[in-house]
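Shown next as structure tokens: one chain only, the form predicted on its own.
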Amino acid sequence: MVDPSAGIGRSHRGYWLSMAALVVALPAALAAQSWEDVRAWRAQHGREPVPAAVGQAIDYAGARWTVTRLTRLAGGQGHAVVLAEFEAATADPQAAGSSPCQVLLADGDGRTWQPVLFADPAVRKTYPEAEERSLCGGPAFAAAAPGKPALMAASFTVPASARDLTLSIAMLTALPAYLSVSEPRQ
């Protein structure tokens, strides 16, 4: 006959070993997940601006960047159009073009705008050459020769009341650093 109490010692030992493993594994899993959350938050919020002025060449993300124009154009119906033209010269356009790039415009109140997909009629009329330029990223760098500038442009539709505008250009490979160019004072 089988003694029913013979397996109790082994099952208790397995239970306590499982509990000990859980005490180690659970905090380790939480720490790993928290680290990823901290990294994601830092990439989004813990950014470090690299300030520059319109027309100033500055080294960023392995290229020599210049914001050549940051101009506010008349819009209609309570809005304005902001045109940003910029360029980046690098020895390796293919490598620069493989990194995702983000361009944003923000105002002094913390509001942000992404570039519009199609150029506003004010941009097409006043600066038609800007319409031919790519947004920041791969296509612009693909068209550039090594050491020659990749020409880029972005236009934004903002409320006419928006003030203290700042253009941000961020390359994924260079985060948390990003270029920060303020609208010239009138």
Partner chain sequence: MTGMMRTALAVTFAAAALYALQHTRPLYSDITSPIVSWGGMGEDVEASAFRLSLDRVRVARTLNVETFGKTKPYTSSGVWVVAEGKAEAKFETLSLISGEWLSRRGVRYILTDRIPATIEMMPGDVYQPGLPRPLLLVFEMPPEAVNGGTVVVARSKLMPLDDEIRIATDASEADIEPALTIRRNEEGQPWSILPQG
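Positions refer to the first chain, counted from 1. Given the structure is predicted, the values throughout are model-derived calculations rather than measurements.
Another form exists, predicted together with its partner chain; not displayed. Remarks below refer to it.
- Residues within 4.5 angstroms of its partner chain in the model of the complex, judged by any non-hydrogen atom, belong to 114 to 122 and to none of the other stretches in 64 to 72, 47 to 55, 136 to 144, 114 to 122.
- In the model of the complex, its partner chain sits beyond 4.5 Å of every heavy atom of residue 154.
- Taking non-hydrogen atoms only, residue 130 never approaches its partner chain to within 4.5 angstroms in the model of the complex.
- Taking its partner chain as positioned in the model of the complex, the residues of 150 to 169 that bring a heavy atom within 4.5 Å of it are, in sequence order, 157, 158, 159.
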